[in-house]
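Read the single chain below, which is given as structure tokens and is the form predicted on its own.
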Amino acid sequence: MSSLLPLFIAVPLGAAFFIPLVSLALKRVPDLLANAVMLALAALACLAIGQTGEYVPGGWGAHLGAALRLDGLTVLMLIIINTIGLAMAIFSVQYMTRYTSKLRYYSIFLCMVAGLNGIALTGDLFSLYIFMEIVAISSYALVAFGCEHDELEAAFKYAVLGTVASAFILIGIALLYAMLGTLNMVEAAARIAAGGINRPLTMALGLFICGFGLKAALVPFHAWLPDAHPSAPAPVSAILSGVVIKTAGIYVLARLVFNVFSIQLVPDMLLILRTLGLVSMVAGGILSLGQWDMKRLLAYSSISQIGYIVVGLGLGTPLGLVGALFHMLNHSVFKSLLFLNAGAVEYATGSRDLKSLGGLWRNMPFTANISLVGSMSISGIPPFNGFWSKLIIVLACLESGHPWLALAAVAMSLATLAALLKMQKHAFYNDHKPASALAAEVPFLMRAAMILLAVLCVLIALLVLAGFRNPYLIGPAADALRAWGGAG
């Protein structure tokens, strides 16, 4: 399997450059090639389950900084990135016909996928920064893809704050290299464990928290997200909220805190993570209640759900890590589903303003039922997947002696339920409004992408059958976070 790891980066990157070369003569090539690439990558990610290994190109040695590594956490991220990416590609076939250029859209989209896979696989900080910038630049372009005033303004704001985040991270990497003489993560972890934490390393860690906190949209670093995610085309909103903020933000932050720096050397880090997680969970949940734009409501909800993940990480216990990683997987699925659902409503009615919608259940029963599945999943209603990950996080809070965190998690789950029920009522079950009177179900492939994610909301709940403390796929990922001397 190790020799196949470069394919996760090379295939989407090659396809991104190949599509413009042939698309002018063959109009269907962008749709077919992008979907074929995402299907192949999703299958390859599934084949990686249970595998570990390392690939060093050219036999130069991992210390030169080009190694790709595969462990349980990498496998989880590859499955998230490429499965959600496949659903986005299917949805885009018919949805993106309303935008200017599909070949450019797919080229940028596949560049983003290559960067996300690179972030998950790389074993050194310099390559990580390069892949992160590929993702960032692709994201800015995709947010601005509609070329309207709102899209351009949101993309500019996203780019400015993203650049600030990148600057924090680059300075942190430079400090780390100056102190340790290596950018290889395994070697850096070993040297930190041998020499301990000094002030420059503490400063580097602080810069990483600010930089990756911005990437993950943790409060108070969240200002760009409520504008950027709603302004983008629906499949872009879905992958930004479902995948990008987790891969470029939460995943890397967890790798650095647990694997490289080790929480045993910086125990105060857990308190910082719990605080950031709690504030994000509460602020995002409360702010989502007051929103009337469907995608903006979902964007604030993303901030709250990211808070759950960071609270789980901040507990630092095995059960807390399992809950955090399980919720990261679940959120990627149900939030992507809800953004596609909002895109379907906008596609059919031309509006995502809840005050101008109503009665869509009669015109779009499939979309209404799929939206209900996503809403129940994110609200933690059994038996959907969100219930199990939230339950594990609440139990982990109680087990580790933080009952007030458990109480906040339950309260914000009720707030999420209230916000999503408000969306259901005003979009689908109130009386007809002019914007929704003539609406009809969206085309087949858009519905196929939504049903794929809705089925996953049910099937992923079955992962707990392998054991409440060691769910299938999640247990090995949590073990990988503890492998280099992380959580106890």
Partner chain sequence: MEYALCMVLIAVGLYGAVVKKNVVKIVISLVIIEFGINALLVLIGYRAAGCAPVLNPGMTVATFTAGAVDPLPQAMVMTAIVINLGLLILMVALCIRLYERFGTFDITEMRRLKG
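Residue numbers count along the first chain shown, from 1. Here the structure is a predicted model, which means the values were calculated and not measured.
Another form, the form predicted together with its partner chain, is not on view; read the next lines as being about it.
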Query raised in the report: How about residue 414: is it within 4.5 Å of its partner chain in the model of the complex, going by heavy atoms?
Result: no
Query raised in the report: residue 163: heavy atom within 4.5 Å of its partner chain in the model of the complex?
Result: yes
Query raised in the report: Does residue 234 make contact with its partner chain in the model of the complex, using a 4.5 Å heavy atom cut-off?
Result: no
Query raised in the report: At the 4.5 Å heavy atom threshold, is residue 199 in contact with its partner chain in the model of the complex?
Result: no
Query raised in the report: Can you pick the stretch from 262 to 270, 366 to 374, 131 to 139, 240 to 248 whose heavy atoms fall within 4.5 Å of its partner chain in the model of the complex?
Result: 131 to 139
Query raised in the report: Using a 4.5 Å cut on heavy atoms, which of 282, 186, 381, 144 is close to its partner chain in the model of the complex?
Result: 144
Query raised in the report: Which pick from 289, 178, 398, 410 sits with a heavy atom within 4.5 Å of its partner chain in the model of the complex?
Result: 178
Query raised in the report: Though the partner is not shown here, which residues of 294 to 310 have a heavy atom within 4.5 Å of its partner chain in the model of the complex?
Result: 296, 300
